[in-house]
Each structure stands twice: as structure tokens, then as C-alpha cells.
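Here's a solo chain for you in C-alpha cells, the form predicted alone.
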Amino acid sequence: MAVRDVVNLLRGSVSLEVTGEFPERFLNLCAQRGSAFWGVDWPDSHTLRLTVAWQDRAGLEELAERTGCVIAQGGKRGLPPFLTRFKKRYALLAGLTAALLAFCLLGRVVMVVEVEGNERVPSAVILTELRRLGLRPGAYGPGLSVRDISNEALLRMEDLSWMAVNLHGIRAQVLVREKIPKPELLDETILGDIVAEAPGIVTRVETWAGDPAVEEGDTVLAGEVLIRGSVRMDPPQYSEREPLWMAVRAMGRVEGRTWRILTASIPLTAEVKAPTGEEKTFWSATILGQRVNFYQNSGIPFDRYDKISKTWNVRLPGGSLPFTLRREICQGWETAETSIDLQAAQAMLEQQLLRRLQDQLGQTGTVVSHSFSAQETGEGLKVTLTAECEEELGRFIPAA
């Protein structure tokens, strides 16, 4: 759209059809008067069509009478004709004005704050700190000093090394970089041995410092020394001196095959929830971080209940807006005793035992094979896990 078309839309226009013996005289009088017109068309010698600016439409009937012509008004275009429709509709005019003000102002208000680039530091922690510094939904964007906010947030959050805040209309984009954790330094001044943490058969010995006390294929017990924290220093050849021993911090890796037995049990009966049929619903809304409850301070008439919540967010193509509607349904219940499903209970205990075993092995240990056995006793269902594993046997024990 050309600039001239935009100007014509803003100032408004009206189409006229002038009919008479000499319509060209009407056109000359309009030019002498200084009225803006364009789009002149001659359907025939006695008819003239043109478009006149909205502010110059007054007084054209008088010019037509002086030239013996008749004016017929056609279509209206532009902003002024559109606003005249609301001349006596005050409510609509107020609504239009409010909509225009909201469009101009809300476009500068932060509606969404998004955090990107974090892995170890939770987004909720970063958003909480930014809220304390003034960056939150509902804040006026041009009034925020994003550089000062970034610098202050970095001083308060030791786990971050860099932060940048970018404002994109109603969206605030927070880019962060986390600090690389310092490696744990090994204090070699603390002397000691590496001993077996669990009984097993040694499959690999790798000594970095100290003297190995076992070889591949040896069977060791828990607490047995695997790598001694001492180094033998032999005297020169043909010397009559005794060998010397130097105390060091034993370092190395001893892997082996182990067998672990874990047990878990569960009662044969359990208390379950039985719904009572009582129910109460609460509605609330959150607008720019402020919660508005649509209920008074009414309590819940039952002691035991489950709360079921559902939230509806206002979404745009660029993301969610800080306007939410929330419904909370409180459903009453009471306890009742029932027999457990043995198959489901056994499967649950087996999963728990496998997780416990993996926690004991850590990231370096692996399970070679495992088996389960289940037994019903007077106290409940007992499940036993027997596993063959490959893991690191040794752990460092400081010298006394």
C-alpha cells in the first residue's frame, strides 16, 4: 500500500456522483475553493464521479446548486467515517478506546518470562530470584534495566556464570550459562590402604600408587587389604642394607565378581481409600501472578479428601500468557482394609530390590545375572533377590 493510500485512509474520503448540464463548473469551483479531490471519472458528458476528502465534504451541496447540479453521495472510507458510527454509542466508543489503550500499553508489559540454557539450576529458582529483582509477569518492559538485573542475579546465584535478558514485546527471554563445577582434588597427604568393601573374586587389578596385595583370581573377604599404602624401596645391588618402606596413599582400581542377596517384604492386607461421595468444587484465577478466589473463606466439611486440580492457560502462538483459570475438586474418602494382589505386590517388590541393588553398585557396577524367590509367611509376602555382579571391590581407608 502506497503512502498516499495510507494518508487517505487516515483522513477519510467520500465518493460523489455529480449530475447536471455543466458538471465541469462544479469541478472548477472545488479547485478554486481548495477542496482535495481525486479519482475523477466521466461516465458521460453530464455525469461526473470523484472522491473528496472527508473534511472538505461540507459546503459541496451549495456549490452544486450554484452550477445547477445534483450530488449523490456514494461509499465512505477511512478512519473518520468509521468513528462517526460510535458518535452516540458511548459504550462502544469507550470499549474501542480501552482496546486501543490496552493494545498500546500491554504490548510493553512483560507477560511471559522464559529461562533457557540451564540444566542443573532449576528454572523455578532463577525465576524466583528475577522476581525479587523486578522481572516478573506484569512488569513494565521499558522501565526495566535488564543489564542491572542480570548482573545482580549473577551476584546472588553462585551456580551461574553468565546471564542475559532480552525483551521481545511481551516475552522476556532469559539466557543463562552454568558454572563448570570444580573437579574434586585428591589429597595425597592422607595415607592409607584400599580394602575390599564386599567379598568376591578379583577379576582385574590396576595399581596407581602403593603395593598390590592381591592378584587376578584371588578370593577376598570384606575388609581385606587389596592395595597396601606402602612402597618397598630396595637397596642398591650387592648392598647389605635392609629394604626401606615408604608410606603413600594407595590408589588404584580393583574389580571383581560379587554375589549379593537382598530381601523385601510387604503385608498381605492393606488399607485402601473408599470414596464417600462427598465433593466440593473451588474456582480461582491467576492474573499476572496474583491469585483471585471465586469463593469465600469456606472450609472443607470432611477430614480426609483428595484434591483434583485442573488449570486452563491462555496461550498464544509465541507461548503462554500469565492468565490461568483453576478448578479444584475435593473428594472425600475413608479407609477400608482389603487383601493385596500377590502378583502385583511381588512385581513391585522385585522392582524395588533391583533399584536397591543398582544403588549399591553405583554407576560402575553391572548385574551379570539375577533371580527372585517369593515366600508367604505369617507376616506377609517376602521376596529375595540373588544377583551376580561385576563391580569395583576396593574403597580407601585412611591409616590410623
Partner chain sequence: MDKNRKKEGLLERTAQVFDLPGEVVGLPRVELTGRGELRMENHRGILAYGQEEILVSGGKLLIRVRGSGLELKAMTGDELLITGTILSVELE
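Between two forms, the rigid core is the largest collection of C-alphas that superpose within 1.5 Å. None of the values given here were measured: they were computed from a predicted structure. Numbering follows the first chain given and starts at 1.
This protein has a second form, the form predicted in complex with its partner chain, left out of what is shown; the following refers to that one.
- Segments offered: 38 to 46, 360 to 368, 332 to 340, 64 to 72. Contacting its partner chain in the predicted complex at heavy atom distances within 4.5 Å is 38 to 46.
- Using a 4.5 angstroms threshold between heavy atoms, residue 24 counts as touching its partner chain in the predicted complex.
- Residue 373 falls outside the set of residues with a heavy atom inside 4.5 Å of its partner chain in the predicted complex.
- Contact annotation for residue 28: at least one heavy atom lies within 4.5 Å of its partner chain in the predicted complex.
- In the core-superposed comparison between this form and the one not shown, the C-alpha atom of residue 382 has shifted by less than 2 angstroms.
- Core-superposed comparison between this form and the one not shown: CA of residue 32 displaced by 2 Å or more.
- Once the rigid core is used as the reference frame, the Cα position of residue 52 differs between this form and the one not shown by 2 Å or more.
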